[in-house]
Structure formats: structure tokens, C-alpha cells
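We begin with a single chain expressed as C-alpha cells, specifically the form predicted alone.
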């Protein structure tokens, strides 16, 4: 019975189907708000679904060279983004599966989804894919440490590196953003490259490197990357809600907080132009990492 419940939650609610639908709507909200700020109408709400249906109807071209890694990358990307969902307490203080240290597992899976982009890029002779892959690798080195330190700050303060325990602690006290605002800011900044959004979207920039690691993908394999991208719009803001914004006791409150975080990310995306790799690296090393360390040291000292 428990296996059936886990499969239902992984594939239906709050897993694949639900996460894809909500993530698509949050992605549409991001595109729509950005378009309005640029005096454009923006896409219709069903644009993501139309794009994926179109991709699925097209031929999938698979190169003979590096075939294994070419096929592996999109599968790793969607697994890395989907698997954490059963560990996240979405719309409830409890997760489907919860244990001490599950926060570490969540972070590792999310790293896997970005690592898939590097695998997709380096396994090719295309200069655009290679440049995009190295750009993604450079960004990961820069932002993963402040992101992990920020997440650990929430876990250590809660007394247990469990996502469900973090939510329950916040419900009994108050949201961690009020205790550790610097860790919250660092985590929010790190969400942008994690989701491939401006000003840290240079690895996939269309005008510079023609989508970078994804150049050369087509048909169903590119559709898998698009589905992963949509799910990220649900999983990563959802993780921020769970770690710093008090979690939730019902799905409406949870989605409302996800929308709020999406709008914050959208406004940052609109306001700042695209950074170069070296500019992005310096930003995370000189700004995001120090403020993450400040709150990490505070929580270790019990402040």
C-alpha cells in the first residue's frame, strides 16, 4: 500500500503531473509579467503545453557519436528534478517520505538536474554546447556552496536536516526568513542560476551560444528538458517556501507563496541584464557566499 501511495505521489500528486501543471503556470506567469514590462502581450497560458506537443510530434535526431550520454542527459535532468518531490512537505507539514538528512538528498538530486546539462554539453564537438557546458560548470562551482550553506542554516536551526522537520519548526515558531534573512537572500540569489534565469542565464543564452548545452537536441529529448524546466519552476520556489518562508498547512497557502517567490525572481530577471561568466562567478564569490557564511556561522553559534 505504501509503495502505491509513493508511486501516486511521485507520478500524480504532488509529483510529475501536478508539478508539471503548476510549474508550467508559474513559468507562464514569469514570461507574461516579463513581457508586460517590455510592452509586449506575452504568450498565452497554454504556450508551454503547445511547445511540448509540437516537440513530441517532431523527429528526434540522435547523433551516433556519444549516443549514450546524449540520451542519458535528459533522463538524469528529469529524475534530478522529480525525485525530491516525495521528500518535500508540499501543502502539509509532512512529506511522503521523511528521514533525518533528507535535505541533503534533496540538494544532491537538484545538483543532478544541473549536472545533466554539463553532460549534455561536453559530449559533443559543437562549440556552442561545449561553451554552454563549461559555463554551467563554472556557475555551479560559484553558486552551489552558498546555496547549500543557506539550506543547512535552516536545517541546523531546526535541529534536524529534515525538510518536514524544518516546516514543523517554523509552524511552531516563525518563518526562518525572520531569523536568518541573509541566508534567505543568498538562497534566493542562487535560485536564479539554478533555474537558468537572468542575470545568470549565460550558459543557455540563445543569442550568444544558441541554448548552449541543449543545442542539437530535438523532438522528445528536447521535450524532456522542457518538462524538466517547467517542473523546476515548482520544485525550487517550493523548496524556498519550505526552508525559509514558513512552509504551509494547505496547498493554497503553499502555491500562494510560490507565486510570490516567482514574482520576486521575475522582477530580478527583468531588472538586470545578462552577466558574463566571470561577472557571475565574482558575484557569487564576493556577495552571495559571504552573506551565506554570516548566517551559517550565526546558526552554529546559536545566535
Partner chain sequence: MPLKVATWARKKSPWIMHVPCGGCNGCDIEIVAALTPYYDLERFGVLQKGSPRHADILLVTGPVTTQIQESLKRIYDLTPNPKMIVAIGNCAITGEIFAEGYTFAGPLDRIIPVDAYVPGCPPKPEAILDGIVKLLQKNSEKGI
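All values reported here derive from a predicted model rather than from experimental measurement. Numbering follows the first chain given and starts at 1.
Although not depicted, the form predicted in complex with its partner chain is the subject of the following passage.
Asks: Can you pick the one in 261, 55, 236, 26 that has a heavy atom within 4.5 Å of its partner chain in the model of the complex?
Replies: Only one listed residue qualifies here, and that residue is 55.
Asks: Exactly one residue in 98, 218, 168, 92 has a non-hydrogen atom within 4.5 Å of its partner chain in the model of the complex; which is it?
Replies: The option sitting close enough to the partner is 218.
Asks: Residue 44 versus its partner chain, in the model of the complex: is there a non-hydrogen atom within 4.5 Å?
Replies: Residue-level check for residue 44: yes, a contact with its partner chain.
Asks: Would residue 252 count as touching its partner chain in the model of the complex under a 4.5 Å heavy atom rule?
Replies: No, residue 252 is distant from the partner.
Asks: Does any heavy atom of residue 222 come within 4.5 Å of a heavy atom of its partner chain in the model of the complex?
Replies: Output for residue 222 is yes: heavy atoms within 4.5 Å of its partner chain.
Asks: Taking heavy atoms only, is residue 214 within 4.5 angstroms of its partner chain in the model of the complex?
Replies: Contact check for residue 214: yes, within 4.5 Å of its partner chain in the model of the complex.
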